[in-house]
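Quick setup: the structure tokens below cover two forms of a single protein chain, split into structure 1 and structure 2.
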Structure 1
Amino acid sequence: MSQHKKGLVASFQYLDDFCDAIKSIKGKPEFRGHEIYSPTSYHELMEHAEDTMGPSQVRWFTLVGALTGVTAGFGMCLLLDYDWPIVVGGKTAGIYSLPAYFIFGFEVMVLLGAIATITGMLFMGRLPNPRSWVLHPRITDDRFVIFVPDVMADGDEAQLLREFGAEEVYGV
């Protein structure tokens, strides 16, 4: 979150309760703009994120990094072979030695693809974010949190989240 907002914070201990709460509040106008927080990724939560925000764009970073890596790996081998040819068995330098380039091309593809994926995750996740604030002290340990902006802690929304198994419900 880029700025401090007032609203309702509900923390859950169990993933099943958390997913049930998310499914129940989906599409309700009083929960518009809610945000969910998890200590790690779960496919149930990823399905919810894809439904609300669409598929992740990090895969395009990976594709571009991998294609750049395989091109750089093959290009580097070809240029080095033309610059310092090693003539073995009478073969000329260049394209005739192509099978030997696959290993290096693959390794550079994996390296640049991984670096691009990490960069994409940090960029698309807006990390690091020095203006972020902690909603719940155990959010990175073992708790799941729903933040609903512009909602009071003693309203009907808080009661609904308590019914789905929220351990703590408080306003910020």
Structure 2
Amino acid sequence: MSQHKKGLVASFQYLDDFCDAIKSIKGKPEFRGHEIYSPTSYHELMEHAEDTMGPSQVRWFTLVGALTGVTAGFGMCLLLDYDWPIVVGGKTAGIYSLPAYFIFGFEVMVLLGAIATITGMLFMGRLPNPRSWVLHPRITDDRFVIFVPDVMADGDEAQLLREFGAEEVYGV
């Protein structure tokens, strides 16, 4: 999040205008470091995110969490069973009862995998951010916004965004 940075804010009402604008400014040096905001995750924007940022690294959080979970689930059963073996109905403890422990391995895998996924979503999204700065009051409603840092609102960049259909262009 561009916390209290100076720059240019351009808001769009229409998704197609907005997509044209972000395609056009992609890679241009005068728009370096620009940020994009949307009320929801339209697939056009998600494709653009994939192109510019690559695949999300959240998957690695999920993988590590799930592997930790499956190890912890099986480990808990085995260690506690070897610590004090309980033989019930002739079923001996430890590795001979492994089929029953699949339940724990699976459940703890899902549990830690989910917690790690949430952690990854927050960490990679740079959240929590209690000092977040709302650039435009309708981003979470129905407006699409481009923020370009260190650019004046009366420059060529602003004019280009207006040509693409920006309904408001102002400096912050």
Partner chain sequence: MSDLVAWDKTISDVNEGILVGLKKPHPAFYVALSISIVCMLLGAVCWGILITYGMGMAGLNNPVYWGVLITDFVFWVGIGHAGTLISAILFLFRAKWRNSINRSAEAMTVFAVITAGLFPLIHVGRVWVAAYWMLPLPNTHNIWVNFRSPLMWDVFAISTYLTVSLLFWYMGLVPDLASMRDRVKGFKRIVFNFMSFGWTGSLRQWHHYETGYGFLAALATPLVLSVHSIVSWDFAMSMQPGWHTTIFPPYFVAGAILSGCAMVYSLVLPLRWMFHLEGFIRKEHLEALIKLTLLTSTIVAYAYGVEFFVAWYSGNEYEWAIFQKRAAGPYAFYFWVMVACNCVFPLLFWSRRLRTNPTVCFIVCLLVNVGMWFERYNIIISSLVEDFLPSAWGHYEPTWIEMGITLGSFGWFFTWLLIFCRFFPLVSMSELKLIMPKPLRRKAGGH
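Note that the coordinates shown come from a computational prediction; the quantities given were computed from them, not determined experimentally. Think of the rigid core as the biggest set of C-alphas that the two forms share within 1.5 Å after superposition. Structure 1's sequence is the ruler for residue numbers, which start at 1.
A.B. asks: Go through 1 and 2 and tell me the one that is the form predicted together with the partner chain.
C.D. replies: The form predicted together with the partner chain is shown as structure 2.
A.B. asks: Are Val110 and Ala66 assigned to the same rigid part between the two structures?
C.D. replies: Yes, since Val110 and Ala66 both fall within one rigid part of the motion between the two structures.
A.B. asks: Can you give me the hinge-style rotation of the smaller rigid part versus the larger one between the two structures, in degrees?
C.D. replies: Turning angle of the smaller rigid part: 17 degrees.
A.B. asks: With both forms put on the same core, how far apart in Å are the CA positions of Met121 between the two structures?
C.D. replies: Superposing on the rigid core gives a C-alpha shift of 2.7 Å for Met121.
A.B. asks: Once the rigid core is superposed, tell me how far the Cα of Phe61 moves between the two structures, in Å to one decimal.
C.D. replies: That residue's C-alpha sits 4.3 Å away in the other form.
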